[in-house]
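Consider the single chain below, provided in C-alpha coordinates and representing the form predicted alone.
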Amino acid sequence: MQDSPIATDKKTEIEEAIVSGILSGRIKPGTRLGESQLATVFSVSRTRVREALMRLEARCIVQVSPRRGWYVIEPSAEEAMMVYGARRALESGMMRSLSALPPDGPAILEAHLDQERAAIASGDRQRLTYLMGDFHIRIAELSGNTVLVDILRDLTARTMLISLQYQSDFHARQSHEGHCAIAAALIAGDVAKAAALSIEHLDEVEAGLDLTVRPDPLADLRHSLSLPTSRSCSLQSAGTPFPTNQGD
(Lines give C-alpha, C1' and ligand atoms only; values in the text may rest on other atoms or scores of the structure.)
Protein backbone atom coordinates (compact mmCIF):
# COMPACT_ATOMS: atom_id res chain seq x y z
CA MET A 1 0.00 0.00 0.00
CA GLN A 2 1.44 3.36 -1.00
CA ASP A 3 1.63 6.32 1.36
CA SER A 4 -0.83 9.15 0.90
CA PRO A 5 0.55 12.38 -0.60
CA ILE A 6 0.28 14.03 2.84
CA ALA A 7 2.31 11.26 4.52
CA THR A 8 4.94 11.45 1.79
CA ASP A 9 5.14 15.22 2.15
CA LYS A 10 5.65 14.86 5.91
CA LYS A 11 8.52 12.41 5.46
CA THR A 12 10.11 14.73 2.94
CA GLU A 13 9.63 17.68 5.31
CA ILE A 14 11.41 15.82 8.11
CA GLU A 15 14.27 14.77 5.85
CA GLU A 16 14.82 18.23 4.41
CA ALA A 17 14.57 19.92 7.80
CA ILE A 18 17.38 17.71 9.11
CA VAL A 19 19.53 18.21 6.00
CA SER A 20 18.97 21.98 6.14
CA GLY A 21 19.95 21.95 9.81
CA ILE A 22 23.21 20.23 8.91
CA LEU A 23 23.91 22.57 5.99
CA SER A 24 23.43 25.61 8.23
CA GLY A 25 25.63 24.17 10.97
CA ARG A 26 22.80 23.97 13.52
CA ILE A 27 22.93 20.17 13.66
CA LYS A 28 26.31 18.75 14.60
CA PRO A 29 27.94 15.33 14.01
CA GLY A 30 26.74 12.83 16.60
CA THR A 31 23.50 14.71 17.38
CA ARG A 32 20.87 12.32 18.68
CA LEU A 33 17.58 12.37 16.75
CA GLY A 34 14.85 11.09 19.04
CA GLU A 35 11.88 9.54 17.26
CA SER A 36 9.38 10.69 19.91
CA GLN A 37 10.65 14.26 19.92
CA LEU A 38 10.61 14.49 16.12
CA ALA A 39 7.13 12.97 16.01
CA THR A 40 5.89 15.65 18.40
CA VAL A 41 7.61 18.52 16.56
CA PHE A 42 6.26 17.46 13.15
CA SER A 43 2.89 16.21 14.45
CA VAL A 44 3.28 12.76 12.90
CA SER A 45 3.56 9.20 14.11
CA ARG A 46 6.88 7.63 15.12
CA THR A 47 6.43 5.33 12.13
CA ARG A 48 6.57 8.30 9.76
CA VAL A 49 9.64 9.66 11.56
CA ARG A 50 11.35 6.27 11.37
CA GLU A 51 10.65 6.04 7.64
CA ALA A 52 12.19 9.50 7.10
CA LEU A 53 15.25 8.57 9.17
CA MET A 54 15.67 5.33 7.25
CA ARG A 55 15.75 7.32 4.02
CA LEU A 56 18.39 9.61 5.51
CA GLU A 57 20.33 6.53 6.54
CA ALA A 58 20.30 5.39 2.90
CA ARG A 59 21.68 8.83 2.01
CA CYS A 60 24.55 8.26 4.52
CA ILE A 61 23.53 11.23 6.67
CA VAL A 62 22.24 9.45 9.79
CA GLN A 63 22.82 6.05 11.35
CA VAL A 64 21.05 3.92 13.91
CA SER A 65 22.38 2.00 16.90
CA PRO A 66 20.19 -0.78 18.37
CA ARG A 67 20.58 0.55 21.91
CA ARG A 68 21.29 4.27 21.36
CA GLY A 69 18.77 5.17 18.64
CA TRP A 70 19.29 7.50 15.68
CA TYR A 71 22.30 9.78 15.38
CA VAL A 72 23.76 12.12 12.78
CA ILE A 73 26.86 10.42 11.40
CA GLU A 74 30.35 11.24 12.65
CA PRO A 75 32.44 10.75 9.49
CA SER A 76 35.72 8.87 9.74
CA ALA A 77 38.94 10.29 8.29
CA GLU A 78 38.75 7.73 5.48
CA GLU A 79 35.18 8.73 4.65
CA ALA A 80 36.20 12.40 4.66
CA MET A 81 38.79 11.77 1.95
CA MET A 82 36.31 9.76 -0.13
CA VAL A 83 33.62 12.46 0.12
CA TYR A 84 36.02 15.17 -1.05
CA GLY A 85 37.18 12.89 -3.86
CA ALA A 86 33.57 12.39 -4.92
CA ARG A 87 32.91 16.12 -4.86
CA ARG A 88 35.96 16.88 -6.97
CA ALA A 89 34.86 14.38 -9.60
CA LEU A 90 31.23 15.51 -9.55
CA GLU A 91 31.73 19.28 -9.50
CA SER A 92 34.51 19.46 -12.07
CA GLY A 93 32.51 17.23 -14.41
CA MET A 94 29.35 19.24 -13.80
CA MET A 95 31.08 22.50 -14.70
CA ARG A 96 32.68 21.05 -17.81
CA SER A 97 29.22 19.95 -18.96
CA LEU A 98 27.87 23.51 -18.71
CA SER A 99 27.81 24.89 -22.25
CA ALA A 100 26.70 28.26 -20.87
CA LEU A 101 24.98 29.72 -17.84
CA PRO A 102 21.28 30.49 -18.23
CA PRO A 103 20.50 34.20 -18.84
CA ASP A 104 19.88 34.85 -15.14
CA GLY A 105 22.90 32.79 -14.05
CA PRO A 106 25.43 35.65 -13.64
CA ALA A 107 22.98 37.70 -11.56
CA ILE A 108 22.20 34.69 -9.34
CA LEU A 109 25.89 34.00 -8.69
CA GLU A 110 26.69 37.67 -8.04
CA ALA A 111 23.76 37.96 -5.63
CA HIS A 112 24.98 34.89 -3.76
CA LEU A 113 28.52 36.26 -3.50
CA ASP A 114 27.08 39.54 -2.18
CA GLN A 115 25.34 37.55 0.55
CA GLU A 116 28.62 35.83 1.45
CA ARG A 117 30.36 39.21 1.68
CA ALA A 118 27.58 40.57 3.89
CA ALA A 119 27.75 37.54 6.21
CA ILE A 120 31.54 37.91 6.49
CA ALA A 121 31.26 41.65 7.20
CA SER A 122 28.58 41.18 9.87
CA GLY A 123 30.17 38.10 11.46
CA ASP A 124 26.96 36.11 10.95
CA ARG A 125 28.48 32.69 11.50
CA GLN A 126 25.39 30.57 10.98
CA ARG A 127 24.42 32.39 7.80
CA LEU A 128 27.95 32.17 6.43
CA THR A 129 28.14 28.45 7.15
CA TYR A 130 24.99 27.88 5.12
CA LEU A 131 26.07 30.12 2.24
CA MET A 132 29.47 28.46 1.85
CA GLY A 133 27.84 25.12 1.10
CA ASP A 134 24.91 26.58 -0.81
CA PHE A 135 27.21 28.18 -3.41
CA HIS A 136 28.00 24.77 -4.89
CA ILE A 137 24.37 23.67 -4.82
CA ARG A 138 23.45 26.91 -6.59
CA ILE A 139 25.76 26.04 -9.51
CA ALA A 140 24.17 22.58 -9.73
CA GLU A 141 20.75 24.25 -9.92
CA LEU A 142 21.98 26.47 -12.75
CA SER A 143 22.99 23.33 -14.66
CA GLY A 144 19.31 22.37 -14.76
CA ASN A 145 20.06 18.78 -13.75
CA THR A 146 17.86 17.94 -10.75
CA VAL A 147 19.62 14.61 -10.19
CA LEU A 148 22.93 16.45 -9.76
CA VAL A 149 21.28 18.88 -7.35
CA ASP A 150 20.07 16.05 -5.11
CA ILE A 151 23.42 14.26 -5.16
CA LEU A 152 25.43 17.42 -4.48
CA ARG A 153 23.08 18.48 -1.70
CA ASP A 154 23.72 15.20 0.12
CA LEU A 155 27.48 15.39 -0.49
CA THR A 156 27.53 18.99 0.74
CA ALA A 157 25.69 17.97 3.92
CA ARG A 158 28.26 15.23 4.50
CA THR A 159 31.06 17.72 3.81
CA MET A 160 29.56 20.03 6.44
CA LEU A 161 29.64 17.24 9.02
CA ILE A 162 33.26 16.54 8.08
CA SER A 163 34.17 20.20 8.48
CA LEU A 164 32.42 20.45 11.84
CA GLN A 165 34.42 17.47 13.04
CA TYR A 166 37.85 17.98 11.49
CA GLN A 167 38.34 21.59 10.43
CA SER A 168 40.90 23.21 12.72
CA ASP A 169 41.90 26.37 10.85
CA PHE A 170 39.48 27.64 8.27
CA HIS A 171 39.50 31.13 6.80
CA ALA A 172 36.10 32.19 5.49
CA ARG A 173 37.55 34.94 3.33
CA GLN A 174 39.87 32.51 1.52
CA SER A 175 36.95 30.24 0.68
CA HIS A 176 34.87 33.22 -0.45
CA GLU A 177 37.68 34.29 -2.78
CA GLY A 178 37.69 30.79 -4.25
CA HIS A 179 33.96 31.10 -4.92
CA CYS A 180 34.52 34.48 -6.59
CA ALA A 181 37.14 33.00 -8.93
CA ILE A 182 34.89 30.07 -9.89
CA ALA A 183 31.93 32.38 -10.52
CA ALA A 184 34.06 34.74 -12.63
CA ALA A 185 35.22 31.87 -14.83
CA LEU A 186 31.66 30.60 -15.30
CA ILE A 187 30.35 34.07 -16.13
CA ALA A 188 33.17 34.47 -18.66
CA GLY A 189 32.16 31.16 -20.24
CA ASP A 190 35.48 29.48 -19.41
CA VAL A 191 34.11 26.19 -18.07
CA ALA A 192 37.50 24.46 -18.23
CA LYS A 193 38.98 27.10 -15.95
CA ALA A 194 35.96 26.91 -13.63
CA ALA A 195 36.38 23.13 -13.39
CA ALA A 196 40.09 23.47 -12.57
CA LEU A 197 39.36 26.16 -9.98
CA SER A 198 36.70 23.98 -8.34
CA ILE A 199 39.24 21.20 -7.84
CA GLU A 200 41.82 23.67 -6.51
CA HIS A 201 39.20 25.15 -4.16
CA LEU A 202 38.18 21.76 -2.73
CA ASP A 203 41.85 20.79 -2.41
CA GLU A 204 42.45 23.88 -0.27
CA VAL A 205 39.45 23.19 1.95
CA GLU A 206 40.44 19.53 2.40
CA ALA A 207 44.02 20.56 3.20
CA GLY A 208 42.62 22.54 6.14
CA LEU A 209 41.20 19.42 7.76
CA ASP A 210 42.92 17.90 10.77
CA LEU A 211 42.04 14.24 10.26
CA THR A 212 43.77 13.27 13.53
CA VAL A 213 40.96 14.91 15.52
CA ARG A 214 38.65 12.56 17.38
CA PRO A 215 35.08 13.43 18.45
CA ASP A 216 34.69 14.87 21.94
CA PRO A 217 31.90 12.87 23.65
CA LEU A 218 31.49 15.68 26.20
CA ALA A 219 31.25 18.50 23.64
CA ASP A 220 27.56 19.23 24.33
CA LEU A 221 28.13 19.28 28.10
CA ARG A 222 31.13 21.58 27.71
CA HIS A 223 29.02 23.92 25.58
CA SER A 224 26.16 23.89 28.09
CA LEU A 225 28.59 24.76 30.90
CA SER A 226 30.40 27.35 28.74
CA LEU A 227 33.64 25.42 29.10
CA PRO A 228 36.00 25.93 26.14
CA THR A 229 37.68 23.02 24.42
CA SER A 230 41.43 23.04 24.00
CA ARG A 231 40.96 23.83 20.29
CA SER A 232 38.70 26.81 20.88
CA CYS A 233 41.11 28.18 23.49
CA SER A 234 44.00 28.15 21.05
CA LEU A 235 41.91 29.78 18.34
CA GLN A 236 40.65 32.52 20.64
CA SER A 237 44.17 33.32 21.78
CA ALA A 238 45.23 33.55 18.14
CA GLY A 239 42.41 36.01 17.44
CA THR A 240 40.69 33.90 14.77
CA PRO A 241 37.76 36.03 13.51
CA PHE A 242 35.62 33.15 12.27
CA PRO A 243 34.75 29.80 13.82
CA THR A 244 36.35 26.54 12.75
CA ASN A 245 32.93 24.99 12.27
CA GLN A 246 32.35 26.27 8.76
CA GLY A 247 32.49 23.98 5.79
CA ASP A 248 32.42 24.24 2.06
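Computed from a predicted structure; not experimentally measured. The numbering used is simple: start at 1 and walk along the sequence shown.
The form predicted together with another copy of the chain exists for this protein as well; it is not shown, and the discussion that follows is about that form.
Q: Do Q174 and another copy of the chain share at least one heavy atom pair within 4.5 Å in the predicted complex?
A: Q174: no contact with another copy of the chain in the predicted complex.
Q: Considering non-hydrogen atoms and a 4.5 Å limit, does another copy of the chain approach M94 in the predicted complex?
A: Taking the distances in the predicted complex, the answer for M94 is yes, it comes within 4.5 Å of another copy of the chain.
Q: Even though the partner isn't displayed, in the predicted complex is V147 close enough to another copy of the chain, meaning a heavy atom within 4.5 Å?
A: Yes.
Q: Look up in the predicted complex whether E57 has a non-hydrogen atom within 4.5 angstroms of another copy of the chain, and give yes or no.
A: Yes, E57 sits close enough to another copy of the chain in the predicted complex that at least one of its heavy atoms falls within 4.5 Å.
Q: Please name which of the stretches 202-210, 26-34, 183-191, 57-65 has residues with heavy atoms lying within 4.5 Å of another copy of the chain in the predicted complex.
A: Only one stretch passes the 4.5 Å heavy-atom test: 57-65.
Q: With another copy of the chain left out of view, which of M82, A100, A111, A118 would have a heavy atom within 4.5 Å of it in the predicted complex?
A: Result of the distance check: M82.
Q: Would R50, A86 and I151 all count as contacting another copy of the chain in the predicted complex, using a 4.5 Å heavy atom cut-off?
A: Affirmative, all three are within 4.5 Å.
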